[in-house]
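This document starts with two versions of one protein chain, written out as structure tokens and named structure 1 and structure 2.
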Structure 1
């Protein structure tokens, strides 16, 4: 039986992590500290109303927000063990996993009741209690309506749609290595479609990418500006942009991922009681309602809160299609986390122009086939598709500790295999050769009359 523990890539390791926070009675018995320092990657639109609400509830405590991107936040907490900030507050589950693995978080079990166990197929909280989900967000497609109209593009509904030739050069995504949420989307597609088929789909969509951004917010930025028309983004980016007046819309495909937004107390926090109170506030009905603000647009984890939601607000507790389609094997995800990031970069991010050229040639050949069929050409195009959809390693290999281990920090207990750089070089060679061959085959097919 597969235990469903999403996002905990290092469950076993984490068992040895730092001591739990003082139990709740301590938190209740003593007054809160006068300060609370929170590192967050959330925008001000989200943090300000919540912090204001918290400070109204606990007037004696002043909250200090430190805005950092996720990577800088993790690096900061890592480098400041002796006097860390009190809390980490961010979307990216992988960042929390890394902190948990490095024993930089401490346990806290929330007191609040009425919180759902699961959103979609995912448990809200870290099973080991190191971090707590306070909201959920779904992945989907955001698009610029002016852009689609100007370019005569249809509105997409499903992930597969994005692989269609019509969207060539109109789609944007952030790299999974840079965005924990994109990583989850990629992993979900791979688990939902199967390894080989999943990669074929990703590479076909990849052929339509206008660019691969290095930061999550780069994608909604570009769609908002109309640099490209469609972006694979987390829902609140689309919903909040729409609420801010941009001509954009957001759709959930039927296979979507729901990603929890988390908060955790940093090990050695100076203000643990205020931190605990902050978590309780987030989970309280008052805190949950703030999430419905049009500038924030996160899905509350308290089902009753949806009663106050504006019409059309997605509700994962009533809409079964939202994220409930598949079960997610988190052990698999954990085993190949870094490997998957690197593989995506090698196959798509760093070889985007080669990949796009291959797919452009395939699309051109197929268009010609549609006008005049030709068996030989069809065979060549099929071969080209196969080349442009191939992945250098099997699913079994992706989970092999000998290979996947090369992408993780060196540990004495793991046998030394090939180094990351050597494996990556093999993948890079594989990708370049395949894309060049696919392009050659497709162009050859196009020349056949």
Structure 2
């Protein structure tokens, strides 16, 4: 089981914290500001009902939502230090760890009572008070029941199932570099399975991808419409789609994790009282019940709220099996956040056609072996699998500050630094060569009789 490393081993963010406590706590004693600016990766289906409820509770305050994917939101907060938004609101705890490390969040201790201390084995709130959990999230597989029946596909239960040849071109995912929730899913698989085995599994599943979307919402939309049959998603996408009448189901694999979705006040926020009040509303009975809206379907962190949940709704406070196999290590994830995003893109997103061709050849050769065994063919197929499953960096290297520290978010107007570009070029070369060799070996095996 992966353990959470105590924060005391890292640099404590003392500078911005002490100065931020007093104005934030003043939210209950002073009138709120008339404006609140929130950067979020959440869709409107989630943000709109909550913002409307907050504005009804505080009619003098207008909320402005700025929607960005998680990686872009972190970059935006970094770049607007002199005139920042007031809040960050997103699912990914490792993104909040990045902001905390960069001294871009300020402390706030909620006054709400009745909130669980942990979801599974994971603390609901940051122990140092820099961000707050308002909901819980798990990661798994969403599938379209009509699509599976029409294509005679079995119902998946585990991540390993998605690597089976029967699912070729039926699975979708979003790129972790564009989706904080997908980043967490990928990191969960790597932590739960181990670095090398986890990457071997991700690459085998990648051989079955119909698409790698550039936005989180693209995957559930595609599964809902039947563009493809299965998607790797955060739980609320599947639960909300089902509650809204789509012919879909959602399953948590045994290797998953439950982590809090978070909200935090940005350092230097110009509307700290309104920000504090927004956190208190999210944690209130009213705010928690909004999470059960059929278009939202998030797991509340107030255990009493589950009494109002629909039948069959997951309850992490009564179902000990949810996330039981893994305690997510957010510090490990934070340490290699940008490196992991880039590595996934270099091995899968940008090399998808070559990866799929390699695995298609492997599956074809294995199908032939099932019909007629051949020792030399088996040897070649084993070599092909090893090539298609390899990763060009060890886990120790992925956590080495000298390597991971070279990676930063890139944009069209700000290309990668020289060190990052050098490493990425090496990974590109590695992927192209390995996939081409895997395909060659598998095709050679298929020619043997």
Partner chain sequence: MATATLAGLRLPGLARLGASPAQVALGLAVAAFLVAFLVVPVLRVAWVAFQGPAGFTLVHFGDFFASTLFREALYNSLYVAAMTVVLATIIAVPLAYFIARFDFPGAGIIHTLGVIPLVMPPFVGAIAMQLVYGRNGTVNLLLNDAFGFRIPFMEGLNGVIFVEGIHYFPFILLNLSAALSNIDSAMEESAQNLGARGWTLFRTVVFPLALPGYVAGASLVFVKVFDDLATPLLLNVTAMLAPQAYLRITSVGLADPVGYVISVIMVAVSLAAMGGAALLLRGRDYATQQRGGGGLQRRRMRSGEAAFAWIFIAITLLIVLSPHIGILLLSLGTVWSFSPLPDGFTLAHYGTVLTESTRYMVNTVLYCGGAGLLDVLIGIAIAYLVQRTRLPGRRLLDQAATASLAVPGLVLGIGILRTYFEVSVPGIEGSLATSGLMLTIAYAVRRLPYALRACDAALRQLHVSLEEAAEMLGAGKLFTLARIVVPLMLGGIAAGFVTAFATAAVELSATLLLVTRDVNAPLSYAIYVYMQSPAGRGPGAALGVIAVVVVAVGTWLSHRLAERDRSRRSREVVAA
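Numbering follows the first chain given and starts at 1. Source: prediction; values computed, not measured. Whichever C-alpha set is largest while still superposing within 1.5 Å between the two forms counts as the rigid core.
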| item | value |
| --- | --- |
| Structure corresponding to the form predicted together with its partner chain | 1 |
| Turn angle in ° for the smaller rigid piece between the two structures | 12 |
| Cα displacement of residue 36 between the two structures, once the rigid core is superposed (Å) | 3.9 |
| Shift in Å of the C-alpha at residue 69 between the two structures after core superposition | 4.7 |
